[in-house]
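One chain follows as structure tokens, the form predicted alone.
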Amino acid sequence: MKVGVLALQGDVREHIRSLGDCGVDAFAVRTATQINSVDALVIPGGESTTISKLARAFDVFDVIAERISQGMPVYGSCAGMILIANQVLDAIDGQESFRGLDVVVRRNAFGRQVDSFETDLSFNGITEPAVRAVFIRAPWVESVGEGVEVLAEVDGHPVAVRQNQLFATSFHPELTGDNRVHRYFIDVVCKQSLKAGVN
């Protein structure tokens, strides 16, 4: 299985390393040809408006949106969660998302850079010990549609969700050295979706 990491901004190398540790062929993608060549895609953290604008500038925005609509497994981390959400609160004027995940996400919900924090999470689908989560200018999920599974919460706010082949976290698992969240994406989300012939 080939997994692309959208290499327009954010923790691209860290995600590639984590995915590689899970035994998959992972590499940076930034062109339509590269994106169309992968079985699954990771959209890393960064600045969601910048990533969406760069996706337009690199002429890959519609390619990504189309692959999502066709059922490609996608993991969105932090800004990536915002970019695959159907609705974004506190977005700047003209902000776009690739859509697909039936959630309402609030941008910068946990506060500014100075409000960044770490905490241990109980994560449905990942066994003990708890998942150490790093939140940096992170969003949270305000509400979920039918068919969206909440996998982890902080103070009652969903911070990890899954809907079929789409998976998103508010936090940055690539920064902790714990690859269990990436392994969940590969072993549960991707393999179930690809086995079902969704993609």
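Numbering starts at 1 and follows the sequence shown. Just so you know, these numbers come straight off a predicted model, no measurement behind them.
Here the subject shifts to the form predicted in complex with glutamine (GLN), a form of this protein not shown in this document.
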property: Partner contact for P173 in the predicted bound form: glutamine (GLN), 4.5 angstroms, heavy atom; result: no
property: Residue contact check: A79 to glutamine (GLN) in the predicted bound form, 4.5 Å heavy atom; result: yes
property: G46, heavy atom within 4.5 angstroms of glutamine (GLN) in the predicted bound form; result: yes
property: 4.5 angstroms heavy atom contact with glutamine (GLN) in the predicted bound form for I136; result: yes
property: Which of 136 to 144, 53 to 61, 66 to 74, 160 to 168 lines the interface with glutamine (GLN) in the predicted bound form (heavy atom within 4.5 Å); result: 136 to 144
